[in-house]
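To begin, one chain is listed below as structure tokens, in the form predicted on its own.
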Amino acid sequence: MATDRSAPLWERLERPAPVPRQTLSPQRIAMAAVAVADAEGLEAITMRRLATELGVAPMAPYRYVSGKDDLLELMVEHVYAGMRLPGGLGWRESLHALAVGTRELMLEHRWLAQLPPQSKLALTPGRMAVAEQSLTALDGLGLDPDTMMGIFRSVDAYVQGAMSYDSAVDAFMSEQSLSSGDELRTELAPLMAWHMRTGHYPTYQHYLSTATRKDDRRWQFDLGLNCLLDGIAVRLNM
């Protein structure tokens, strides 16, 4: 399969191969790359490593992908392809399902939060299908197209932001060999104690001494999501 860099990846993959190939396929390439990234992170993904995992010549994957950018896009499509929103739900339930489903996907595939900007914006068929379902849930409510897209992007941005923060915390804990929230707080205690002694942060100090859900990420996520959806409902009288 000749690689035409000017055509989108998905257009190229729809073209029939000149001869049947039993060894490689876009699906097999994506599965191997996702398995490596899930186990070792994005930094472990190279075209040479991929060829080794597939048991093929180093140049063989280039028949389907032109380089790492294409490969990351193929990986994103592979994990998003199975994500579908339940049918027959109202707009709020659909967007809630979108947020929770995306979070679960990003927990299963931690590297999604670490993608470079180009790959985060990749317009793969699976991602487009999720966007279409989300917009469809908002259609027919008297909203103009800009408002519909703004709502969809706000919910998606909330999830991406929450998961990027969690990913950064997890990376720091891994680097410092910390295994719990208590260990993380102990690690940060000297710096935090200095801040508290200044007397500039009494409300934050109250949080530190009384909060009971510091490590309950799912509760924190659900609270923020419901606040966002409540705000959308009030703002648009829905």
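All residue numbers refer to positions in the sequence shown, first residue = 1. This one's a predicted model, so the numbers in the text were calculated from it and none came from an experiment.
We do not show the form predicted in complex with a further copy of the same chain, though everything after this point is about it.
Peer 1: According to a 4.5 angstroms non-hydrogen atom cut-off, is Met83 in contact with a further copy of the same chain in the predicted complex?
Peer 2: Result no; Met83 lies far from a further copy of the same chain in the predicted complex.
Peer 1: Considering only heavy atoms, tell me if Gly55 and a further copy of the same chain come within 4.5 Å of each other in the predicted complex.
Peer 2: Answer no; every heavy atom of Gly55 is more than 4.5 Å from a further copy of the same chain in the predicted complex.
Peer 1: Residue-level question: is Glu104 within 4.5 Å of a further copy of the same chain in the predicted complex, judged on heavy atoms?
Peer 2: The answer is no: Glu104 has no heavy atom within 4.5 Å of a further copy of the same chain.
Peer 1: Taking a further copy of the same chain as it sits in the predicted complex, is Leu24 in contact with it (heavy atom to heavy atom, 4.5 Å or less)?
Peer 2: Leu24: no, not in contact with a further copy of the same chain in the predicted complex.
Peer 1: Using a 4.5 Å cut on heavy atoms, which of Ala35, Val169, Ala44, Met59 is close to a further copy of the same chain in the predicted complex?
Peer 2: Partner contact (heavy atom, 4.5 Å) among the options: Val169.
Peer 1: Work out which of Arg63, Arg49, Arg28, His195 lies within 4.5 Å of a further copy of the same chain in the predicted complex, going by heavy atoms.
Peer 2: Going through each option in turn, the one that passes is His195.
Peer 1: Using a 4.5 Å heavy atom cut-off, are Gly87, Leu89 and Gly142 all in contact with a further copy of the same chain in the predicted complex?
Peer 2: Zero of three within 4.5 Å in the predicted complex.
Peer 1: What residues, if any, in 88-126 have a non-hydrogen atom within 4.5 angstroms of a further copy of the same chain in the predicted complex?
Peer 2: Contacts from 88-126: Gln114, Pro117, Gln118, Lys120, Leu121, Leu123, Thr124, Pro125.
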